Structures are given as C-alpha cells and as structure tokens.
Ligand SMILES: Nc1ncnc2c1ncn2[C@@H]1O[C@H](COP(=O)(O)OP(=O)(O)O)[C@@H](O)[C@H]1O
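Take a look at this single chain, the form predicted on its own, given in structure tokens.
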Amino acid sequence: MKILLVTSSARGHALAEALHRSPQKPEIISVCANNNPGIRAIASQMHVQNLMDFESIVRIVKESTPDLAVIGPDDPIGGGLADVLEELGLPTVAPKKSLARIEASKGFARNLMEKHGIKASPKFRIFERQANSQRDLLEEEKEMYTFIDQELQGNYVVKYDALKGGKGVKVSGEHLMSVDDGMQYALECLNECGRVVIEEKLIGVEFSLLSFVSGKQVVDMPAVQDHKRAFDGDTGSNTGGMGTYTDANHALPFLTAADVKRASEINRQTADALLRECGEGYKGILYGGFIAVKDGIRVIEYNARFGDPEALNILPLLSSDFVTVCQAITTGELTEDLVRFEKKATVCKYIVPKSYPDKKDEKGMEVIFPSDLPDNARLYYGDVSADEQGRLHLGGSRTAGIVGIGNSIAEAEKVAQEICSKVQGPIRFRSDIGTADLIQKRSQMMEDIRSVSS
C-alpha cells in the first residue's frame, strides 16, 4: 500500500501520523510545501515543492505508482488536483473542482443552500461586476450601500468570492468600522475577482463540525471550537487559529444535543445538494463552520478539507484505521461502523513566533521542544525547518500544535499547557484556550443570547 500525501503544515503532519499508524503499514509519498520535519520522519519519499505545480505531481505519481491519494490544503483542492489524479486512475480523498466550490466560492455555497432549501444562511446578497458604463457602476454601488446600510443596518460581513488563504472575509466592528469601510472592501473584492458576497453579521458562538463524506454517506467527527484571535482573552488580530478543543462526549459545553444534531443534518443536506447540483458525489472532508445563534444553528462557511488546528484534535482520537476510512470514501463504502473515535477530550495550543501574525521578526531563530512527550500528548510541526545538525528554526507562521488528551477538557488543557510552557525560544502561545474561565464565558454568552429570545 502506497499513499500520496499532498500537504503542508501541522495539519499535514497530523494526517501523515494518522495514516502511518494504520495496521496496513502504508508507504507514504509526501509532496509538501516545506521541509516539514514531522512529515519527513514518517514519509518514505519527501518532495518539497509548490503544491500548485500539478505537472510535477503527475510525474511523481507516474514514477511512484501510489494506490491512494490524500490532499490536505485548500488551494490544490480548489484548483482541481483531485480531477487530475482521478484522470490518472488514482483514487483521491478530496472533492473534484466543481464540488470544491463549496469552499472556493462563498457565492456558490450560499446559492446552493438557498436553491436546495437548506435554511441555515443569514440574510445575504451576491453582487457581480456586470456594469458596462460609469452610470451602471454607480447604480451597483448604490445597491450595495443600501443593502449594507438599510437592510443589514450596518451589521455586515463582506466575503471575497474566491480562495484567499483564509483572509478574504472582513466583519463590521472588527475589521470594518463603518458602512464606507465595508463599501471600500466590497469594491476591492469586485475589482479583484468580479464578485462579492455581503451578508448579515450573526451574533452567537462559533464551532466546527467536520464529516467524512462519500456521496450521500456522511459520518461526523467530534465537534471542535477554534480560537482565531492572536492573544489571550480573544484579543488581537485574527490568525489561522491559535488553538482548539473538543469534549469527551464529542459535543461542546455550550451546545445542546439539538444543536449538534442540527449541524449534522445541515452537513448531510449539503452533501446531498452537492450531489444533485454537480451530478457526482462529494468524496473527502466536508467542514462545516457553524454559529449557534438565538434561534438555532447557521452556517458561516464551508471548507472542503480538514481544518488546521481542527485536524490536530480530531485525528489523534480516531481509533479506527484511517487508511480504511480513506479507501471507503473513494469506493463509496463509507459507513458509521467504520469510524470510531475515543471518548476523550483534547486541547490544542499553537506555538507561534512572538511577533505573529503581524510581523516575522523571529524568522530563522532557533526553537527547542521537549524531547520526551507523554502518551497523552501530541506535537505536530508546522512552519518550522531543521538544519543539518537537526536544530529547528522558526518560520514566519504558526510553528507547531501541541495537543493534550484527557478524560475531560480540564485534564487535556493541563497536559497541553505544561508542554507548551517547556518550549524554548522567542515564541508564545495562548494559555487560556481550553480553560474553565474561557469555556464558561462561551457558555454564558450562549445562555444570555438564547434567554433574550425566549
């Protein structure tokens, strides 16, 4: 068994580790965007290159003849790498390009849900650059201004309608401080990609529910909560994610059983809608970004792959054979019985350079991790490189995800915190992720929101 793993980052390390521990003992052929030391230690072949160089990936496939492919990041998925690999006869765990539009185009996702009766969207409108004259342009701008100012009453979100490395969404009150700011960013989006999505800003608590999907077959993973802000107390700039946690019951403390059931139902409805819309089944990971609001659950966005850090929490809990699950996704034999997760809680805290995310002042400096990890912890390398002596050096982005595993969130948080505190170098991490105080704030916020509506 040989598996082509196209990936990068700590998510890629987690995927490699999950594949590696399979009883099938696969040989992993890695195509990676950087010389990730964690993936290098696992893979039998390591090709460091641009993940969008599909011609090079095709050559690697023809030379190494893998039996299965797994694609991690959004860009190659959105760019159609699964189509290229499937045409070579290589079963691939990732959706084809038309199906990957669920992530690559915010407008496609909203229109799909509306067309197929999935009632989980905020109020939204999609604006396209179709004007042929200055007068038409002014009319377009007037429509956008009216929608933001009057229909949404200045509480809005502006979304770039294409992949932009997780930085295409801006929110009023956080990134955009006025209707004029919103208009300026919306026009930037229109000028760059020809389309922009403007929608209602929702008030609630966010969470993620990821599912393995093969056509209409949908099997859920544990629910996860991410923390985007750079510093303790949810302050500072947004990041790719500073850490995440899951609970031992695979729900989250601020969610009801009905909340989780509804998110699961929406994922199933979306998989079915994609099948009907695109004429073929979605094969891969469907990642629903949800928000619990006063009267239920809404979709913020969909992603077409594992999240980072979410994969770092979820994959260590997978007690069934990940390779078998991947094979079942590609063959249409996915069932609930194939997928088992330990009833444990996890807390992931990301180690990052001190100046992250605004600067890269520490890039190239040495970072030292504890040499021995307990059995109830995991370390996944991200933007870090090793020199000839084996010393590790910081990149400019997130360095490594450290995961604690326990019978409770508190137990898992203690493990992660203790290991993070032992990392040496010009780094930092959020010490509040997974703590009782922060979780209580989320739960209280949810209680307050719902008590107002009742």
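Numbers for residues come from their place in the sequence shown, where the first is 1. Nothing here was measured: the structure is a model prediction, and the numbers come from that model.
Not pictured, yet referred to below: the form predicted together with this ligand.
Just one of V157, V367, V84, V260 comes within 4.5 Å of this ligand in the model of the complex, counting any heavy atom, and that one is V157.
This chain appears without its partner; in the model of the complex, the one residue of E140, E265, E280, E206 with a heavy atom within 4.5 Å of this ligand is E206. Using a 4.5 angstroms heavy atom cutoff to this ligand in the model of the complex, none of P353, D383 and R430 count as contacting. The closest heavy atom approach of K349 to this ligand in the model of the complex falls outside 4.5 Å. When contacts are judged by a 4.5 Å heavy atom cut-off, D321 does not count as touching this ligand in the model of the complex. Although the partner is absent from this view, K201 contacts this ligand in the model of the complex, with a non-hydrogen atom inside 4.5 angstroms. Although the partner is absent here, E188 sits far enough away that none of its heavy atoms falls within 4.5 Å of this ligand in the model of the complex. Look at 163-171, 355-363, 87-95, 188-196: in the model of the complex, residues with non-hydrogen atoms within 4.5 angstroms of this ligand sit in 163-171. Within 4.5 angstroms of this ligand in the model of the complex, the stretch 101-115 places a non-hydrogen atom from K106 alone.
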